[in-house]
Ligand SMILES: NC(=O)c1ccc[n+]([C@@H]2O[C@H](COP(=O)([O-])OP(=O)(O)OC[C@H]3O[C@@H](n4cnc5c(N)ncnc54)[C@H](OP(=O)(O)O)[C@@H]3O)[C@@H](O)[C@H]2O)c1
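Read the single chain below, which is given as structure tokens and is the form predicted on its own.
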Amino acid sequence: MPALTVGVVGASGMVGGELLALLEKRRFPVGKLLPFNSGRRESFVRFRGKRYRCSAPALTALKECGLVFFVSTDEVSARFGKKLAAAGTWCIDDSSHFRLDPSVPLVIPEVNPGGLDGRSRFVAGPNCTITGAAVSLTRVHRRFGIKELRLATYQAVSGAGKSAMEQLRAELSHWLKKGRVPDLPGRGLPHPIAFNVFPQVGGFDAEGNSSEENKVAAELRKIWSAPGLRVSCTAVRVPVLRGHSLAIWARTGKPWTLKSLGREIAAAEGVEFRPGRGDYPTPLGEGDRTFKVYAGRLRRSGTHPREFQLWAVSDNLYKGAAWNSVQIAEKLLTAGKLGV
């Protein structure tokens, strides 16, 4: 395998740290690492036993790379991404900025690997929330034609970054000492999160939908190539550090049996299906540094003969972000596209 010069924009962040650890664990052929951060403060990362100083991203430095991972902000991706890809560098972007751009493939390797055909050197990864539904139900959708999807998401605070995780820890520590949850000044989440849930992930639009809810609907339609898919979502933040969970109601165009649904879910790439009634996944058990989507509690819905319910859990920092990006890179490497 060719040794590559690899850039990681956002290397000192939470997802950046997971990405670097995965590249090391997977023995990805990194010949030279160029880590970047915002440049606002000095920071360092470790990779293969060496300590690297992060620098602010600049197009000249990024062009030295054969592959660049963007795990930073929308603004940084917008500033450098397409220019860099046009110059011949492969770019894998974890931000939301280009996900719905018609010229940019939005890829989950288990679902739509055809987006890595090389026609675009810029590839986007999806919102971490939809991974559980997109991966676990992709074979069901192909066979039975999902027409309508309703989702209730239960999203870990790590999806909102390090500050949200610190907020949860600080609130829990205060409760243990004082017996109450504080309303911390400068908190990153819209409400206290310890022992609490609230139906808001992101800001609201004029229709009352949160940005997360809009992303779920639009991105799933693109990934499944299903523009007519009807999607309704309520995104909820829960006091969990890591691991997003989904309660799913799916209505199909074709009839099915629970047995046939179970076979398709179990056969889906990257899915572990647990058909037992009490053997369902949880974010504490399956949401921490795991590679798969875990699904269970498959059952009929009581509202329509072709509607069923499913529960899914996945690690939002791994399969929802860093691991999905590394998977894309590995697919490109295996196909001989990197270094070309």
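What you are looking at is a predicted structure, and each value in this text was computed from that prediction instead of being measured. Residues carry their position along the shown sequence, with the first being 1.
If you look for the form predicted in complex with this ligand, you will not find it shown, but the lines that follow are about it.
**Q** Which of 85, 189, 76, 231 has a heavy atom within 4.5 Å of this ligand in the predicted complex?
**A** Flagged contact: 76.
**Q** Out of 53, 277, 50, 41, which one falls within 4.5 Å of this ligand in the predicted complex, going by heavy atoms?
**A** Here the answer is residue option 41.
**Q** Does any part of residue 296 reach within 4.5 Å of this ligand in the predicted complex? Heavy atoms only, please.
**A** Close contact is absent here: in the predicted complex, residue 296 is far from this ligand, nothing within 4.5 Å, heavy atoms only.
**Q** Is residue 161 one of the residues lying within 4.5 Å of this ligand in the predicted complex, judged by heavy atom distances?
**A** Answer yes; at least one heavy atom of residue 161 falls within 4.5 Å of this ligand in the predicted complex.
**Q** Taking any heavy atom pair closer than or equal to 4.5 Å as contact, tell me whether residue 327 reaches this ligand in the predicted complex.
**A** Residue 327 lies outside the contact set for this ligand.
**Q** Decide whether residue 21 counts as a contact residue for this ligand in the predicted complex under a heavy atom distance cut-off of 4.5 Å.
**A** Result no; residue 21 lies far from this ligand in the predicted complex.
**Q** Report the stretch among 26-34, 41-49, 300-308, 269-277 that approaches this ligand in the predicted complex to within 4.5 Å, counting heavy atoms only.
**A** Of the stretches listed, the one contacting the partner is 41-49.
**Q** In the predicted complex, does each residue in the set 138, 147 and 264 place a non-hydrogen atom within 4.5 angstroms of this ligand?
**A** No: no residue has a heavy atom within 4.5 Å of the partner.
**Q** Going through 287-325, which residues have a heavy atom within 4.5 Å of this ligand in the predicted complex? Please give them in sequence order.
**A** Stretch hits, in order: 316, 317, 320, 321.
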